[in-house]
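Below sits a lone chain in structure tokens, taken as the form predicted alone.
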Amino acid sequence: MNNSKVPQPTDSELEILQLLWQNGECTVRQINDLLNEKREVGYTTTLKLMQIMLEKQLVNRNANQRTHIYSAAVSEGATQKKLLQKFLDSTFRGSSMKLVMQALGNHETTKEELEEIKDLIKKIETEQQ
């Protein structure tokens, strides 16, 4: 699924996707239990969200057993890319530089992180030549 076809998840859907990416295949009960570690969420709420996510093709459902097993239908990377692009466009008018400058200015960056950033810049510069 290319980036333009990746459905945009709501915040609640993204929370469920993150649990699926982290834990792999899960039942609704397992997802609900994991959500309840942070805040109280009713089982029927989780079930309805996951049914909507199935309709939106954000998750797959294996119904071969009595208990349905869900897995992420979209990749974490493609979803992050789409959400980041939307955030970049709406918040920084599409300017990657403004985003990076804001992030570096508001976050204490370690020496290791700065080295990784420098390496990434070198890699990008090399690819553009």
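In case it trips you up, residue 1 is the first one in the sequence shown, and so on. Values in this document were obtained by computation on a predicted structure and should not be read as measured data.
Below, we refer to the form predicted in complex with another copy of the chain, which is not included among the displayed structures.
* For G42, is any heavy atom within 4.5 Å of another copy of the chain in the predicted bound form, or not? -> No, G42 sits far enough from another copy of the chain in the predicted bound form that none of its heavy atoms falls within 4.5 Å.
* Asked: Would E116 count as touching another copy of the chain in the predicted bound form under a 4.5 Å heavy atom rule?
  -> Taking the distances in the predicted bound form, the answer for E116 is yes, it comes within 4.5 Å of another copy of the chain.
* Evaluate E76 for contact with another copy of the chain in the predicted bound form, applying a 4.5 angstroms cut-off between non-hydrogen atoms, and reply yes or no. => Judged by the heavy-atom cut-off of 4.5 Å, E76 is in contact with another copy of the chain in the predicted bound form.
* To do: Look up in the predicted bound form whether H68 has a non-hydrogen atom within 4.5 angstroms of another copy of the chain, and give yes or no.
  => H68: no contact with another copy of the chain in the predicted bound form.
* Asked: Is every one of M97, M101 and L104 in contact with another copy of the chain in the predicted bound form, taking contact as a heavy atom within 4.5 Å?
  -> Contact check passed for all of M97, M101 and L104.
* So which stretch, 78-86, 56-64, 25-33, 43-51, is the one near another copy of the chain in the predicted bound form (non-hydrogen atoms, 4.5 Å)? -> The contacting stretch is 78-86.
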